[in-house]
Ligand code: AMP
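Single chain ahead, by itself, as structure tokens, in the form predicted on its own.
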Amino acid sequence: MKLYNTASRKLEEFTPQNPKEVKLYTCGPTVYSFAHIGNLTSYIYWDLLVRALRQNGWGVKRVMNLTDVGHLVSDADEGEDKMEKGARREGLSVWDIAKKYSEAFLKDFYALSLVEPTKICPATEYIEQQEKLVDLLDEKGFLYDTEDGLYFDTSKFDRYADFAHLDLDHLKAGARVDFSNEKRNASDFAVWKWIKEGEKHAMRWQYRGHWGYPGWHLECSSIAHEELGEPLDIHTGGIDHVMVHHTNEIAQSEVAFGKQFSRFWLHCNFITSDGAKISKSLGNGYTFADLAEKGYTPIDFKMWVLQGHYQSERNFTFSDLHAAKQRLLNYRNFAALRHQGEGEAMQDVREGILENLNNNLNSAGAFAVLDRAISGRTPNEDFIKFLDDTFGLDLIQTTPDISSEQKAKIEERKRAKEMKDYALADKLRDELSREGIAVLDGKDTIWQYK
């Protein structure tokens, strides 16, 4: 298997430290509103990664955090707290907001038929571990105290700029006008924020005699250390995490624990929607509820995502979603053919699919192999199970449904054939055909969409 490692900026052959347990960490969502299609795309790509690792015979231990503790809107250390913003918007407490949108995210997550992570870790359940990490960084001399928080001194970590290829001199020269005079370097980041007197901040913890809360970057390092240990085999996230969030994770983790944080880093690209960046003002941040109103399921959307590559910037449109839905329908009809006789193991197709997935998760190439195979060939049950295990498209568990009237016609046609009333059988077959339903006769009578 070859994967593009952001750390080296090249394709590298991946082999796990322990074939029985690939240590995989996924940056999870901040749960302050409903997830839109752009938010959910990355979890589809990383689900494909999990499935591809398993197809190579490796076990996977995957941990994903849920950011249910307030942090600032910016990936840096300014802006408005996302959880407070959500609470004010809905007239709920921040704790109720966290609960509501954690449940909503997980509902969407499972609607996509994604492999459940080994452990899902809410950040609020790891406050003690985060405090211990701050203490460790402080003991090693990498923190300094300011009026608004404890900051990591990036100048003391000589590899800070390496991961994101940062130009620290340019960053310093371009510092904002409101750049804090107490920060020693423009790239320094808060590991713990103090709550000033009179400041409203509902999520707070007593630490070192002050009320405060953890900086955003702290939770992933703490959770990864607690649940997986260093080095991770693979750390995943979006490309927007490279410059700040993952750069800061690396700095604090490698200083604190004295080991490489992760051997591989995989980052997925953005999707746009209707030709523009997803934004609330444009109304193009579609949720699964929006897709359902137009007749599309989460698995239809998953099909659209998997037709592209995780490193490519993609543009979502409903016309492309409709095409993906039709392609998925073709695959489900193909899966229905497994009831026709014994079927084939289709070993050549399996090998072609896995060859593409082992080439940096090239699912588009894998689907091209499958498209060439579904014409004129009949799969067996094991092959369809292989497809479901590899892509999670519910080819077996979910089949396209038809109306009760159409099902009755199929049963009536079956009885007509048994009674040798072929004229009626042909008439019913033609009626179903005009309705887009093809009836296939074999060991069992089955139907599929035309």
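Owing to the predicted nature of the structure, the values given are computational and were not obtained by experimental measurement. In case it trips you up, residue 1 is the first one in the sequence shown, and so on.
In what follows, reference is made to the form predicted together with the named molecule, a form of this protein that is not presented.
Heavy atoms of every residue among Pro29, His36 and Asp240 are located within 4.5 Å of the named molecule in the predicted bound form. Residue contact with the named molecule in the predicted bound form: Phe270 places a heavy atom within 4.5 Å of it. The closest heavy atom approach of Val115 to the named molecule in the predicted bound form falls outside 4.5 Å. Proximity of Ile278 to the named molecule in the predicted bound form: non-hydrogen atoms within 4.5 Å are present. Of the heavy atoms in Lys82, some are within 4.5 Å of the named molecule in the predicted bound form.
Comparing 240-248, 94-102, 362-370, 137-145 against the named molecule in the predicted bound form, the single stretch with non-hydrogen atoms within 4.5 angstroms of it is 240-248.
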